[in-house]
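Below, in structure tokens: the form predicted on its own, a single chain.
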Amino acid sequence: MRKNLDTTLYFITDSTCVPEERFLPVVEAACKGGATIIQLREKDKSTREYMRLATATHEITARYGIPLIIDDRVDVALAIGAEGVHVGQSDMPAHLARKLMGEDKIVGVTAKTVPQALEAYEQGADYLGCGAIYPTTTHVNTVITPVETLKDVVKAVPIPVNAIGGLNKDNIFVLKGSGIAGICVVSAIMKVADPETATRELKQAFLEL
């Protein structure tokens, strides 16, 4: 378990939500608002486009001392010197991501069940993302994870577990008592007019659970 890894408010970007010129300002607004970790998730960009955006994003997050996690692409994470990588169940296995990234980098894993969570932990994951708690617009086929399953995952592993999927400041009350380390959000920051305030309010709402 990595010490001092703060996943309280985990912001996942989506460049398809905003005009290109607004993307980096939203990232900076989230940093100002109190995001504790940021993931760059790009499913459709070429490797060069991904690296270009990752470099620009990393310049911002580094100024605020916030870890930048690259979704899926270990090569991009290594190339731009990101603090970590996040892999899903259909991506590179966690133990290989750990081997390539090295022991000093962060490796996160998506885990929707206790067996997946245990496997990810045993393979060297530093934290887990578990969900979707609510239907989400970022995935076409959303598989809902019951809060009871989330609680079971939290109890099964000694690393931080974050809830993900359709969360916002008005619906995270369902997570009360779940034992999670934090929440992962996309639209609740990416799609709002004032992302800095939204980030601050989300973080406060979680801390008050």
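Not measured: the values here are computed from a predicted model. Just count from 1 along the sequence shown to find any residue number.
Form predicted in complex with another copy of the chain: not shown, discussed below.
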In contact with another copy of the chain in the predicted complex (heavy atoms, 4.5 Å), from 173-181, 41-49, 27-35, 151-159, is stretch 41-49
Next on the checklist: Between another copy of the chain and Val74, Gly88 and Met92, in the predicted complex, does every residue show a non-hydrogen atom at 4.5 Å or closer?
Outcome noted: yes
is_contact(Val114, another copy of the chain) in the predicted complex, heavy atom dist at most 4.5 Å: no
Practice item. Please check if Leu96 has a heavy atom lying within 4.5 Å of any heavy atom of another copy of the chain in the predicted complex. Key: yes
Can you work out whether Leu78 and another copy of the chain are in contact in the predicted complex, taking contact to mean some heavy atom pair no more than 4.5 Å apart?
yes
- Task: Look up in the predicted complex whether Leu100 has a non-hydrogen atom within 4.5 angstroms of another copy of the chain, and give yes or no.
- Result: yes
